[in-house]
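We begin with a single chain expressed as structure tokens, specifically the form predicted alone.
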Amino acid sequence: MSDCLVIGGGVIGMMTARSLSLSGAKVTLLDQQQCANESSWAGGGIISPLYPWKYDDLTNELSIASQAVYEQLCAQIFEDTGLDPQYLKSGLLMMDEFDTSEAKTWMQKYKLTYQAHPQGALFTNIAQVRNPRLLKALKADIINKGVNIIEHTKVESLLIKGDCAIGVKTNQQDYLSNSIVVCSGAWSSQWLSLIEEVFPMKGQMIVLKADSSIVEHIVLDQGRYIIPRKDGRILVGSTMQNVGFDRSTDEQTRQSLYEFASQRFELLAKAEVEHHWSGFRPASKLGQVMLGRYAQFDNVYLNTGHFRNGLNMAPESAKRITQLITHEA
């Protein structure tokens, strides 16, 4: 029996397991496939919301607090595991919407400024991580910290005794725990009844092989982004498709993303598309993060519905859930 049972092995689940373990809890993490194999892996790794003024206060609070600790967190995980998440403060060049009244009001509220750039606004403090590498390092880190990871185990329902949740029923066996944290992203509503349904919002991305000097900063324009990696790879994304759990990719989207990148950087027109994939963001009907106690049981907690901001909110989301469970706040 565990002190805490974490359901879901993406960045939210693993960060939550890490935080709980550091608080002294005995933690078991369950994932229906392999850890870090879904939305967290598929995204771009930008440590900031895109157009943050379009999100609510909680999203911004979680993001800003997480941004403040990410560099040190990645350095600590690198030191502890020998696996480099490749934290990089590359800055973000926003080509549109930065001069709207909504954006100006938000920047004044959060005391954020940018540098003028010939192509828009340069937010110099925005960083990125190589998310697949961060996730690999996180998995090694929480194993080292004593978290029991059980993969290929699908949660089917809560186990109820009287008016208490005592664990979960899975396709393998039952798991008992004092506390249960739901971090199962787009799959959360498949096994737990939520007032606000969580559903998958598919996004498609491509990666280009190019010279590392072509793109200096993360570029954001018309809702899409171009992300330069240290090794010259260029990530280009991302689409928004409400089509359920359909993993398919299509040539039209691939070409659209390729044209988006090459129109902004002519040299990318000669770049090779190395990979094209899709992922499922955990969207919610009200567009809000679900962070706190589950209404029906005091010992069941929600840390889900982060949409496209899971990675950049993960450290603070994990901290707040840990504080709630351990009564620190």
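Quick note: we count residues from 1 along the sequence shown, nothing fancier. Fair warning: this is a prediction, and the values are worked out from it, not measured in the lab.
Omitted here: the form predicted in complex with a small molecule. The next part is about that form.
The candidate site formed by Q33, E38 and R281 is fully in contact with the small molecule in the predicted bound form, as each residue has a non-hydrogen atom within 4.5 angstroms of it. Not displayed here, the small molecule is kept clear of S19 by more than 4.5 Å at the level of heavy atoms in the predicted bound form. Using a 4.5 angstroms threshold between heavy atoms, N309 counts as touching the small molecule in the predicted bound form. Residue contact check for V215: none of its heavy atoms lie within 4.5 Å of the small molecule in the predicted bound form. Among residues of the shown chain, P52 is not one whose heavy atoms approach the small molecule to within 4.5 Å in the predicted bound form. Comment: 179 to 187 is the region of 138 to 146, 105 to 113, 179 to 187, 91 to 99 lying near the small molecule in the predicted bound form, near meaning a non-hydrogen atom within 4.5 Å.
This chain is drawn without the small molecule; in the predicted bound form, the residue among F123, Y225, F199, F78 with a heavy atom within 4.5 Å of it is Y225. In summary, among the residues L257, L134, L220, V155, the only one with a non-hydrogen atom within 4.5 Å of the small molecule in the predicted bound form is V155.
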